[in-house]
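Two separate entries follow, structure 1 and structure 2, each one form of the same protein chain as structure tokens.
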Structure 1
């Protein structure tokens, strides 16, 4: 198995659940803030999602990224914090897989590596959310595409920078 893609040790699996719980708390908070500001434009929530997706994959690889994403999506559906909760399941799993595949090709030492990996995950995840915007909110596909594109753009840039910073700090401190 490729060490850059998979880790199945206990630390990775337990860590993914713990970070997944932190992710879901942050997603609950940012999701509610976004709902107040504009429920179709998930800028804070999308950025938070992208950051945690990238960080979990970099820290623990797969299947940890999928586990954390599923934990977050299931709690999102159970608590009903967003009508798009069902679509988050697909966004979380597919976004995590895409991030893993792209990031495994890079050293992840440059900002461009983080931005490219985040771009793949954000576009993939936001395509899933776009489907939800069309199906749940009955938005015209052009409006849903605009909303998802804005969220993916902001998430890619902000989360890419945050992920590089946090991941670099974790590596320097020898925590990963």
Structure 2
């Protein structure tokens, strides 16, 4: 089994569930701020999603990334927190897999490694949300593309920097 891609010990499985719940709570907090500051772009929410998608994969590998994504989306749907929860299911799973595949090729010691991995995850995840915006909300594809591109760009840069910083602190603290 490729150790850079997979980790199935109890700590990784339990961690994926608990960090998935942390992700859900933080998505609610940032979602509420976004609803006031930028209701159509959801820049904070998108950045928070990208950050957690990357951090969970770096901490616990797969299938923890997929489990955390599914936990976040399913709890959001079950509690009625987010009407877009159904699309997050695909965005979370595919984004996490893409992040895993890209990050496994790098040492993840440079900022560029984090940005590149995050770019793959953010583009994949936002493509899923874009499909939802077009097929369900009947938004014009140009508007959906513009909104998703903006969210992906901000998410890639900000979440890439944050992931490097927080992952570095967690490693230093020997918590993972």
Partner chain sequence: MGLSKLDPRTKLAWYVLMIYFSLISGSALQLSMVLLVEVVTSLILTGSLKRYKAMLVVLFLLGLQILTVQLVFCREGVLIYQWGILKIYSEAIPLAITGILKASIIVFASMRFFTSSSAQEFTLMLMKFKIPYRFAMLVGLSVRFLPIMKAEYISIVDSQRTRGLKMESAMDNLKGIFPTFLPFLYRSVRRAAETALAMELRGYGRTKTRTFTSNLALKPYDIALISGMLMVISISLVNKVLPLL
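Model, not experiment: these values are computed from the prediction. Positions refer to the first chain, counted from 1. By rigid core we mean the largest C-alpha set that fits within 1.5 Å across both forms.
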query: Of structures 1 and 2, the one that is the form predicted together with the partner chain; finding: 2
query: Residue shift check between structures 1 and 2, rigid core fit, residue 145 Cα at least 2 Å; finding: no
query: Is_shifted residue 111 between structures 1 and 2 (CA, 2 Å cut-off, rigid core); finding: no
